[in-house]
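Below sits a lone chain in C-alpha cells, taken as the form predicted alone.
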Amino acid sequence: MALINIILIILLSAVIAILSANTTGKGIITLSAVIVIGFISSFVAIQALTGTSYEVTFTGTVIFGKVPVSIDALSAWFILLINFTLITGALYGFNYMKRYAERRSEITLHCIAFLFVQFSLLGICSVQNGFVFLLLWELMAISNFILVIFNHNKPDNIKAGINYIVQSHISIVFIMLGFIYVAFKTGNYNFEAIADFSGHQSTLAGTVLFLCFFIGFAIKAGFVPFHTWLPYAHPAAPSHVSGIMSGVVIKIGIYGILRMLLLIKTDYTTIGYIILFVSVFTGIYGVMLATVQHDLKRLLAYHSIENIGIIGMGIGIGCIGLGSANKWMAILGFSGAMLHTLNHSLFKSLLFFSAGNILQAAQTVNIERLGGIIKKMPKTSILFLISAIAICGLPPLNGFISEFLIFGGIYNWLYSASLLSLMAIIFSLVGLVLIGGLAMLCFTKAFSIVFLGNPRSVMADEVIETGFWQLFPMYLTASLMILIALFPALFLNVLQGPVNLYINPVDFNLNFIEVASVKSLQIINRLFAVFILFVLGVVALRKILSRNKIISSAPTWGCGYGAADSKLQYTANSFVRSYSKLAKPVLDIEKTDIVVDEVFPGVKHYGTDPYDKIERIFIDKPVKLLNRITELFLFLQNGQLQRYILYGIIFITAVICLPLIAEKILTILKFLNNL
C-alpha cells in the first residue's frame, strides 16, 4: 500500500512540476519521474519473479469497493519490459524533442501524457478489478491519443489520432461487455469472479466469454482484421512514441489475452486453434503489406502486426499443448511467445528510434528519397542493421531464439498429431517460414535502399549523424538484445515463473533449458558472433598493416559509361517488383503509370501506392454507407435558430411523456393478461 502511495505522490508531484517548469525542465522532470517509477516498480517485479508476489487491497472506497492489487510472475515480466522500453524511450525522447522547444504548451501536455501512459500500463498489469482496469485502459487510450497527435498541424496526423481513439474505444466496449457479463452473474468485478464464474459454466459459454475479451485485446494488439489503426498512428506519432507504442502499448493487448487464459477455465484446444489461425493470418498479411511500403515508419508499423502474429502463434501453440496435455509443446509455445514479446519490444523500439534519427537528419522517411545514409550516419546505420537482423529471426541475435522456440513447439506437436492437427502443423510451419522469408526480403530492401548507394535527393546529401545522448538509449537496447542472444538460458530461467502459472509445476516439473535445447541455440549464436568478430578483426588488421602505405583511388572501369547517377539505382518499388506481381491478387496496389508513346518523351512518372484491402472492406465501405445514411438527415441541420429551439422542446416533451406512455401501456398489458 505504501509503495502505491509513493508512486502516486511521485506522479502527481511530477505533473505539478511540469506545469511550472521551462521547456528543458519539463523534459528533465519527466525523464526523472519515469526512471524513479520504473525502478520502484521493477524492484517489486523482480521480487515477484523470484517467488515473492506483491499483493495489497484498497479498502473503504465508496465507488470501487475492495480493489485487489497483485503482481504475480506474469505481471512482473510485462512490468519489466514496459519499464525498460519506457525508460529508453524517455531518454531518446528527451533529446529528440529538443527541436520542438518553442512549442511549450504542446511539450507540457506531451510530458504529462507520457507519465500517464507509464502509470496506466503499470496499473493495468497490477490491478485485479475489472472496473478499475477499464478506467486505466481508458486513461492509456487518451494519453496515447495525445502523444500521437503531437504534430497536430498536419491533418493526416489528426485523422490518425481520431482513427486510433475510435478503435481504442471499440476495444474498451468488448472488454467492458466481458466484465459486465461476469459482474451481472456474480455481483463482483474482481478478477477472481471470472475464474469462479467460468469454472461453473459450459465449455461453449467459457469460449464465448474468452472471445469477447480476445476481440477487445486483439484490437489493441493489432491482430488482423483489427489492425487498421496501427499503420496510421505509428507514422503520425513522434519516433520515441512510435517506439513505445510498438514496443509496449500493443503488448498490453498480449498481456490481456494471457491474463484471461489464466482466469477463464474452458476448452484450451479450441481457443488455441482460433488464436493460431488468426495469428498465422496476421503474421503473413502484416509482412506482405510491409514489403510493399515506401514510408519507413509505416513499413515498421506493418512489421509490428507481423510480430504480433508470431507472438500469437506461440500463445496458440501453448494453448493447444495445454488442451492436449502435451507439456513440451505448452512450455515451448508460451516461452517463445513471452520471450518474443520482450525481443520485439527491443528491436522494434530500436528500429523506430533509428527511423527518428533519419527523419530529423533528412527531413523525410520516404524510402524513395533516401540513399547513402550509411556514409553520413554510420552509427545509426549499424544499429538499424542489428535490429533488422534480429527482427528477421537470424542468428546471432535475439529474434532467432524466440522464433526457434515457437518452431520447436510446432515440431513437438507432431508427436501427438491427428489428421486435423497435422494440417494445422503444416499451415503453421508454412506460415512461419513465409513470414521469415518475406521479412528478410523487406529489410534487405529497406536497408539497401535507405543506407546504401547514393543519395536520391539534395536533402539526403546534407545528412549528419545524431549526437551521442540520442544514440545512448539505442546502445542500451542493442546491448540487451545481444545479451539475450548470447545468454538465452538466463532469460528462460526467469521465464519459468510466468510459464509455470499455466503449467502445473507438480505435473510438468521440467528443466526449460533442456526442453528448449537452449544450449544448442546458445552455441549457434556464439559461433556466429565469433565469426563476425573474426571478420572485424581481419578488417582491423588490414587497416593497421596498411596505415603507412600510400593508397591511391581512381574511378573503376565503367564499361564505357562513367556518369553514374542515383536514378540508375534500384528504387524501393523496383526492388520488390517481382514479389508485387505475385502478391497482386492479395494486396491492393494502385499504380500511377504514364504510357510512353513518344519518340522523345518528356518527364514521366511511375509510382505505386499500396493500400490495405481489409481496411477498404471493413472500414471504408461501412463508413461510406454510414455517411449516405446520415446524409438523409441533413435537412435537420438547416441553420434556422427557431427550428433548433423546436428540436429542444420536442426532446424535453418526449423525455416527460415517454415514461408516462410506457406506464399506461404496461397497465393495459397487465389488465389484458388478467383477463
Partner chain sequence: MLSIILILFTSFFFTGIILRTKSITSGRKGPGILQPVSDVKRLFRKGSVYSETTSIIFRIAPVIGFSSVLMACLVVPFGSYKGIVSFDGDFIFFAYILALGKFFSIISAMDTGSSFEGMGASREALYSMFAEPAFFILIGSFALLTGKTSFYEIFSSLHLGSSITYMLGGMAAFVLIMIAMIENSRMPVDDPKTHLELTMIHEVMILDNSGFDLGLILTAGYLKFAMYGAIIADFFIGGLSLVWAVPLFLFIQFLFAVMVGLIESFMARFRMNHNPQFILALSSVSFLIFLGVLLVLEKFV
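Computed from a predicted model, the values in this text were never measured in an experiment. Take the two forms, superpose them, and find the largest set of C-alpha atoms that agree within 1.5 Å; that set is the rigid core. Residue numbers count along the first chain shown, from 1.
Below, we refer to the form predicted in complex with the partner chain, which is not included among the displayed structures.
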Please identify the residue among Leu568, Val166, Ile464, Val586 with any heavy atom within 4.5 Å of the partner chain in the predicted bound form. Leu568
Residue (of Phe133, Phe575, Tyr268, Trp328) lying close to the partner chain in the predicted bound form, criterion heavy atoms within 4.5 Å: Phe575
Given that the partner chain is not shown alongside this chain, does Val539 nevertheless sit within 4.5 Å of it in the predicted bound form, heavy atom to heavy atom? yes
Is Phe116 near the partner chain? Define near as a heavy atom within 4.5 Å, in the predicted bound form. no
Can you work out whether Phe468 and the partner chain are in contact in the predicted bound form, taking contact to mean some heavy atom pair no more than 4.5 Å apart? no
Classify Gly161 as contacting or not contacting the partner chain in the predicted bound form by the rule of any non-hydrogen atom within 4.5 angstroms, answering yes or no. no
Location of the partner chain contact in the predicted bound form, chosen stretch of 139-147, 382-390, 312-320, 475-483 [non-hydrogen atom, 4.5 Å]: 382-390
Three residues, Leu12, Phe78 and Ile107; all within 4.5 Å of the partner chain in the predicted bound form via heavy atoms? no
Taking heavy atoms and a 4.5 Å limit, what residues of 406-422 are near the partner chain in the predicted bound form? Phe407, Tyr411, Leu414, Tyr415, Ala417, Leu419, Leu422
So with the core overlaid, does the Cα of Ile524 end up 2 Å or more away between this form and the one not shown? yes
If I superpose the two forms on their rigid core, does the C-alpha of Ala325 end up displaced by 2 Å or more between this form and the one not shown? no
For Leu545, does the CA position differ by 2 Å or more between this form and the one not shown when the superposition is done on the rigid core? yes
